[in-house]
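Have a look below at one chain only, the form predicted alone, in structure tokens format.
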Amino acid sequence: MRILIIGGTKFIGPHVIRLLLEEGHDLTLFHRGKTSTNLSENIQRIFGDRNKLDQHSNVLQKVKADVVLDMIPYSEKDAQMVMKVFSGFAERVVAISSADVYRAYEILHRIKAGPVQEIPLKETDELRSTFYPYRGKIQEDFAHDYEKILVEKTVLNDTNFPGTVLRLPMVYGPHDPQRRMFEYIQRMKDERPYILLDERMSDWKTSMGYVENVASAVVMTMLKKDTASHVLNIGEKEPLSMLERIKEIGKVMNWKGQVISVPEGYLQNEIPFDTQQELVLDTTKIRERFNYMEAISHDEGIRRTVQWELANLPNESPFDYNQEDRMIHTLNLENGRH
């Protein structure tokens, strides 16, 4: 199969590329060439800025891709350009979206008030009523026009060029740019006796996905033609609470300490969202209709993540343990009072 990937040089993309090459597919990668990567030489490369995709239309169309995978469609304009350039020159497009399209995300982040949404969230559940969730909040070039809802509409509404939308959860693993597990691993490495967790976060759940499992779901979607015109949630089958996740990391780290849930208001870091709203995705559709299964077990995913984090910890811990010790003293935890 001839596959063209837009982006794909950073966190998830290299795993997608590796899986596709292992199956013998013909890959072309369109990217800026600014990311240092150890990708295989068995890939055709086209260098360019995706914001100027149309300027490369002639060479891109000559690929005659069976599937176009857009790893980085942030805005409506991004999606429109992909549909324009490849319509008639490719069979299908697969676009990476996010769980942030759901109304539940809007409630969680207090973007707009409303009732707590029922979980798990199905692909047909209500979407946000407000657009551009990161505008003015994130100092990144993409943030001003970022809107996955408009990306999805553009991809799904073209009747002549079938599109598939994949809604991703929080993705973790080696090379995670957000290093979602770092703070816990660092504390465990430093043999802290306690990790303090706001009680509102202890039971809170959100869907996550180990990077190689997310990549395998992306690849499966690309290779199965009957996924065309579908929206699919991707994520772990049984999301864990924050307390459960930290304990899982502790098992891998052989950490002898204890996670302590502390009352609201004791920790200085204010929780920036409403923990009454969880962000759990229903992945029944991709599992039962398209027979998706994780390639890497949950325990193995945690182990690989911990291994990478330990190899990339800073020389000095960034945390103020004196402050934490004072908090423990205030709560009388040193005497076993919880």
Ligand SMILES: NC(=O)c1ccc[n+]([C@@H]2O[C@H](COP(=O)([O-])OP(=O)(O)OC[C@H]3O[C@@H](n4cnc5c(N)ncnc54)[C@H](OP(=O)(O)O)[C@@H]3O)[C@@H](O)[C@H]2O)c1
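One rule holds for the numbers: they count along the sequence shown, beginning at 1. Please read these numbers as outputs of a predicted model, since none were measured by experiment.
FYI, the form predicted in complex with the named molecule isn't displayed, but the following is about it.
Requested in this report: Tell me, yes or no, whether Gln258 is in contact with the named molecule in the predicted complex, where a contact means a heavy atom of each within 4.5 Å.
Outcome: Contact with the named molecule, no.
Contact with the named molecule in the predicted complex for Pro169, defined as at least one heavy atom pair within 4.5 Å: yes or no? Heavy-atom contact with the named molecule at 4.5 Å: present for Pro169.
Is Arg50 one of the residues lying within 4.5 Å of the named molecule in the predicted complex, judged by heavy atom distances? Yes, Arg50 is a contact residue.
Contact flag, Thr124 vs the named molecule in the predicted complex, heavy atom cut 4.5 Å: No, Thr124 stays farther than 4.5 Å from the named molecule in the predicted complex.
Only one of 161-169, 191-199, 246-254, 104-112 gets a heavy atom within 4.5 Å of the named molecule in the predicted complex; which is it? Of the options given, it is 161-169.
Taking 4.5 Å between heavy atoms as the contact cutoff, choose which of Thr154, Thr227, Ser97, Asn213 touches the named molecule in the predicted complex.
Filtering the options by heavy-atom distance leaves Ser97.
Check: in the predicted complex, which of the listed residues (Arg180, Lys205, Lys77, Arg92) lies with a heavy atom within 4.5 Å of the named molecule?
Finding: In short, Arg180.
Would the named molecule in the predicted complex be within 4.5 angstroms of a non-hydrogen atom of every residue among Gly13, Lys34 and Tyr146?
Yes, all three are in contact.
- Message: Under the 4.5 Å heavy atom criterion, name the residues of 77-94 that approach the named molecule in the predicted complex, in sequence order.
- Response: Residues within 4.5 Å: none.
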